[in-house]
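The chain below stands alone and is given as structure tokens, in the form predicted alone.
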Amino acid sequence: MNRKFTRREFGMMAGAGVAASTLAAPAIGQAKPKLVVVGGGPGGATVARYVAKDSKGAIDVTLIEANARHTTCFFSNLYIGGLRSFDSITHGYDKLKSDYGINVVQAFAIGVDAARRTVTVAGGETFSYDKLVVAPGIDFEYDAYEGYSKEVAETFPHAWQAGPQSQILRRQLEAMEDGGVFLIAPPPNPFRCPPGPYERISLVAQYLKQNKPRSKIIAVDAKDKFSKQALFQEGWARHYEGMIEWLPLNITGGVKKVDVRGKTLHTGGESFKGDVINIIPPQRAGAIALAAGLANESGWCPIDPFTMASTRVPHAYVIGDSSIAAQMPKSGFSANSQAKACAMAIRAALTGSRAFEPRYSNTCWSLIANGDGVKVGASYQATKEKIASTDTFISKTGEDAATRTATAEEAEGWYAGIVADIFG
């Protein structure tokens, strides 16, 4: 399986996981059932839009999101590397309000009362629900490294929640002197967007090659292997010979201590000094998922593979990065795909509409250089035990330039299609 997606094809594919269904409208005088969605990223915004759109007004939908606009993590490396503007990866919720009647509340959700079926936001306001979707993305293990903290992340940005952090990293990169060292510490598994740190290395290398060619990149990894490794390393040798040094866990032992004043990362036996330091820390489910009791001891949220319903909290669903979706990676495409299956299950539960067996899919595109794109992906099916991969595909080493250019263009078409599918 090795499909190419244009924007039009993605739009046609967007509803593939959600078959049409007949809705049972509420009886006259009966209050509409209520869906509350926490988190307005690829998972949360998609499920809110699909429930509102396909229920045809039969379900009251509220979307609670702390930010007025959402900056996508996917394609944020292109902004950091100078290939896109910040505005081009930042999107608002106006169409969800105007075109689909969704009540968009800009607030930070701080608690869930499962017994009363309410969500509380900062400031004390509560929202009642019949069904709840929690899609908060990721949070970070800031105590994983000695000397590291949320405050230190303002100096050594992770840029793994796109937005202001991405802008900090971009400014630091622009200010770095030619001949400087860009030091990056990719995280241990599991984490959001497995190929992401290595795409970032690639696009930072492209920026440095063009603007600060005497500079170097050192990657102190928390793993011994990574997604699309052969493809990235082939591309680094071709485009950035001598610029990138990737150090696996078995060489350094991984980051142990962060020295902010000395701009140094200390490992088991070595120290690495950088002019710009990008620490991507270990991750867990978003804070509201933990506060609501949706996560288990792993820090992630177990779900029913067929509906994305929580196995720990009744009437709640978890989609996107916070969920334990087995073989599906934590990605924007995955979250969008899971949201459609979840929307179908919620409509069935609240309106009596028919639900069909869900179909999941994911593709992760990465740029190694401008016009040099690679991808990996799969189709998935729900089983009693997990969401399991069926057909898989990955780009091959040694592909010709035309194939790689077509893959890069395909990624651009997908981006345009998916943001329209998420935000309307």
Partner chain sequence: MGYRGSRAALVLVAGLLAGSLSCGHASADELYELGEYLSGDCTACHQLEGRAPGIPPITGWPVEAFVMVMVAYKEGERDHALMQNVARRLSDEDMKALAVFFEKQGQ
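In this text, all values refer to a predicted model and were calculated from it rather than measured experimentally. Residue numbers count along the first chain shown, from 1.
Another form, the form predicted together with its partner chain, is not on view; read the next lines as being about it.
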Task: its partner chain in the predicted bound form reached by all of 149, 226 and 257, non-hydrogen atom within 4.5 Å - done: no
Task: Per-stretch contact check against its partner chain in the predicted bound form, the hit in 34 to 42, 366 to 374, 391 to 399, 60 to 68 (non-hydrogen atom, 4.5 angstroms) - done: 391 to 399
- [ ] Classify residue 310 as contacting or not contacting its partner chain in the predicted bound form by the rule of any non-hydrogen atom within 4.5 angstroms, answering yes or no.
- [x] no
TODO: Find out whether any non-hydrogen atom of residue 359 is located within 4.5 angstroms of its partner chain in the predicted bound form, and reply yes or no.
DONE: yes
TODO: State yes or no: in the predicted bound form, is some non-hydrogen atom of residue 336 no more than 4.5 angstroms from a non-hydrogen atom of its partner chain?
DONE: yes
Open item on the list: Within 4.5 Å, heavy atoms only: does residue 354 come near its partner chain in the predicted bound form?
Closed with: yes
TODO: For the heavy atom contacts within 4.5 Å of its partner chain in the predicted bound form, list the residues of 155 to 186 involved, in sequence order.
DONE: none
